[in-house]
Ligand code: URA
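Below, in structure tokens: the form predicted on its own, a single chain.
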Amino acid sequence: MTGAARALATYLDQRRRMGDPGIVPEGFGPGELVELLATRRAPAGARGDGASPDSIASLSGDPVAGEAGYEELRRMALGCTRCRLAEGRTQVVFADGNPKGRLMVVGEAPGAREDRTGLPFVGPAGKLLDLLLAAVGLSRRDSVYICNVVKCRPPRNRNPRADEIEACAGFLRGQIRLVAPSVLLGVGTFAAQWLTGQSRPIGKLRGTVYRYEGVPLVVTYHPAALLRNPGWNRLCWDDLQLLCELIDRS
């Protein structure tokens, strides 16, 4: 299998893990499908809705996760053009908080305010997140590092797409490696699914302790979802108590 074919197989597998099993016909694995299609080439200039094999090849590698120092990783992210989100952003939203914090909070994607300021969680959802953290004795200034699965705002605040998440994955892996938190908190469906490697809804994922490469992990609802659905506040509070137990033991 060629390098581009391997990259396409990786992309298809990522789509499947993100809950889109229909992208690969039943009975085929991603690699088998790629080999089956290897002799078929699109006409010159043809363009589909998804990413092309060449663009997928540029997205599916992970060259930054194990090599860059923190400032180099940040510099690379600020200049990143690895996916379509770079075309419409105002600023890359890399991170906020303490890079030596014991807790790392991973959200989903920047919104309009984050795109303007270059900082994650600065709107109403960010204020709620700060209140939730303060309620258990934590703050982004002293003990918490905050980032997102994708670093650029999706148009009209739509959900990030699987190839966009994959394009940004190296930066998030690098952040986790360099910050080396004692505990991870994933907020929202896309963060929870990426960190756990599972495609179940957030309501099915929360309430359990996971591990991401050895780091204890709890997932819960995104603060923006809590603002829309106050009935979930109690469930989120239970998740924060579970988080505190992990921090106390770390």
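The first residue of the sequence shown is number 1, and the count goes up from there. All values reported here derive from a predicted model rather than from experimental measurement.
What comes next is about the form predicted together with this ligand, which does not appear here.
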- prompt: Pick from 84-92, 97-105, 69-77, 111-119: which stretch has non-hydrogen atoms within 4.5 Å of this ligand in the predicted complex?
  reply: 111-119
field: Contact label in the predicted complex: residue 175 to this ligand, heavy atom within 4.5 Å
entry: no
field: Heavy atom contacts to this ligand in the predicted complex at 4.5 Å, residues of 194-224 in sequence order
entry: 222
